[in-house]
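The data below hold one chain only, encoded as C-alpha cells and taken in the form predicted alone.
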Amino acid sequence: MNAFLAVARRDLLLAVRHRAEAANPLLFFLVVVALVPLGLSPRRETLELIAPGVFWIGALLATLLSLERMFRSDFDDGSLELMLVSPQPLPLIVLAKIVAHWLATGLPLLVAAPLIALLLGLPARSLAVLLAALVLGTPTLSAVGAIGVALTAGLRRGGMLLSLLVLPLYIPVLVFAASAVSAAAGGLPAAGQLYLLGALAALSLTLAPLAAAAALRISVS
C-alpha cells in the first residue's frame, strides 16, 4: 500500500508541476463540446438529441490525448526500469498509475460535467445518470488505455499506433454510456447500461494492470 500511494502521489505531483500539459485534455474537451452547437445547430431539440454522443466522444478523445504521458516520462528518464526490478508487484504499480491518471484526467471531466450538460441543453433529470456514467466509464478508459500505452512505451512515435490499439476497445464504453444518458434524457430507465458500465469498470481495473505489466516487460526488454 505504501508503494501504491507513493507512485500515485508522484504522478499527481508531476501533473501539478506540468499544469499546462495536464490541462490540455480538459481544454480540448471543452473546445470540442463548445464548437458542436456552432457547427450543427443551436436548437435545443437538436442539441438534446446529439448531446450524449457528443459528450462521450469528447471525453473519449480527451482521455486518449492524455494517455501517452502515463508511462512515457518513466521510460525516458529510466524510472520504468527501476519499477520493473522493484520488489513491489508491478501490477500494483500500474494500478497506482491508472488511479493517478484518472484523478488528473477523469476527475476534472466529472467536475466540468454539470456545466457541459447545461451548455448542451441536457435535461436536469439526466444529470445524475451522466455523473454516474462518468464515475463508472472514465476509470475503464484509463485502465484500458494503460494497456495500449504499455505496448507502445518503447516506441518513439507511438501515438498513432496507440490510437489504433485503444479506440476499438473504447467502443463498448462509448455505446453504453451514451445510451444511458440518452435514456435518462428521454425519461427511460438507464440502470441496465449503468450495470454494464460497472461490470466493465470492475473487469478492466482487475485485468488491465496485469496485462499492462506484461506489456511493459515486453516493451522494455
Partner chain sequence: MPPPEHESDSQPLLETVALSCARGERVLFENLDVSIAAGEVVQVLGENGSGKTTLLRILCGLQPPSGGHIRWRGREVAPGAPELRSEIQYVGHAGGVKLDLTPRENLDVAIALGARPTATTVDAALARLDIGMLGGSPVRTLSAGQRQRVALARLLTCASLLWVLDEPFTALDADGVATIDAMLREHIEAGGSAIVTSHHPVALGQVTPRPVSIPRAA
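Residue numbers count along the first chain shown, from 1. Computed from a predicted model, the values in this text were never measured in an experiment.
Not pictured, yet referred to below: the form predicted together with its partner chain.
At least one heavy atom of residue 93 is located within 4.5 Å of its partner chain in the predicted bound form. Its partner chain in the predicted bound form is not approached by residue 107, whose heavy atoms all lie more than 4.5 angstroms from it. The closest non-hydrogen atom of residue 199 lies beyond 4.5 Å of its partner chain in the predicted bound form. Proximity of residue 14 to its partner chain in the predicted bound form falls within the 4.5 Å heavy atom cutoff. Comment: 71 to 79 is the region of 133 to 141, 98 to 106, 71 to 79, 117 to 125 lying near its partner chain in the predicted bound form, near meaning a non-hydrogen atom within 4.5 Å. Contacts to its partner chain in the predicted bound form (heavy atom within 4.5 Å) from stretch 1 to 17: 2, 3, 6, 7, 10, 13, 14, 17.
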